[in-house]
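Let's start with one chain on its own, the form predicted on its own, as structure tokens.
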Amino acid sequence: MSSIAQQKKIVEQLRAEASMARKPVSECVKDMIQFMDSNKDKDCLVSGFQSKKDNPFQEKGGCSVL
């Protein structure tokens, strides 16, 4: 790919990014906090697992010495 073609591709990408609608961070953070609060009951890493069998991260077996 030539240098001119690469530069045109970069300019296209920059124009696309510049035309995107932007929101203030403070507004986005409020939305994120609201989403997390409404879904925290479904998140097993926040609320924990119902039983130890449901935990996929728990080791299946213990250590054994040979």
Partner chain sequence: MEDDQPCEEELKLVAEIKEMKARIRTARKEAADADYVTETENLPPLGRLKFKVRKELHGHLAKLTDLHWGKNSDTLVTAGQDGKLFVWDVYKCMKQNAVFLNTAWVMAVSFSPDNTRVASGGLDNILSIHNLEEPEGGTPIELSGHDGYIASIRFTDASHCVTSSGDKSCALWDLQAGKIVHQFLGHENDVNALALASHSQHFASASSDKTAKLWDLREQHCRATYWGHELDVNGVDYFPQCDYAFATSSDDGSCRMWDIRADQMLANLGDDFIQCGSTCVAVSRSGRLVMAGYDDYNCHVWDLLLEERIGIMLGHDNRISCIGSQWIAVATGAWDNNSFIWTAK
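Under this definition, the rigid core comprises the largest set of C-alpha atoms superposing within 1.5 Å between the forms. As the structure is a computational prediction, the values presented were derived from the model and not from experiment. Positions refer to the first chain, counted from 1.
If you look for the form predicted in complex with the partner chain, you will not find it shown, but the lines that follow are about it.
- The closest non-hydrogen atom of S47 lies within 4.5 Å of the partner chain in the model of the complex.
- Taking the partner from the other structure, the partner chain in the model of the complex has no heavy atom within 4.5 Å of any heavy atom of K53.
- Relative to the superposed rigid core, S47 undergoes a CA displacement smaller than 2 Å between this form and the one not shown.
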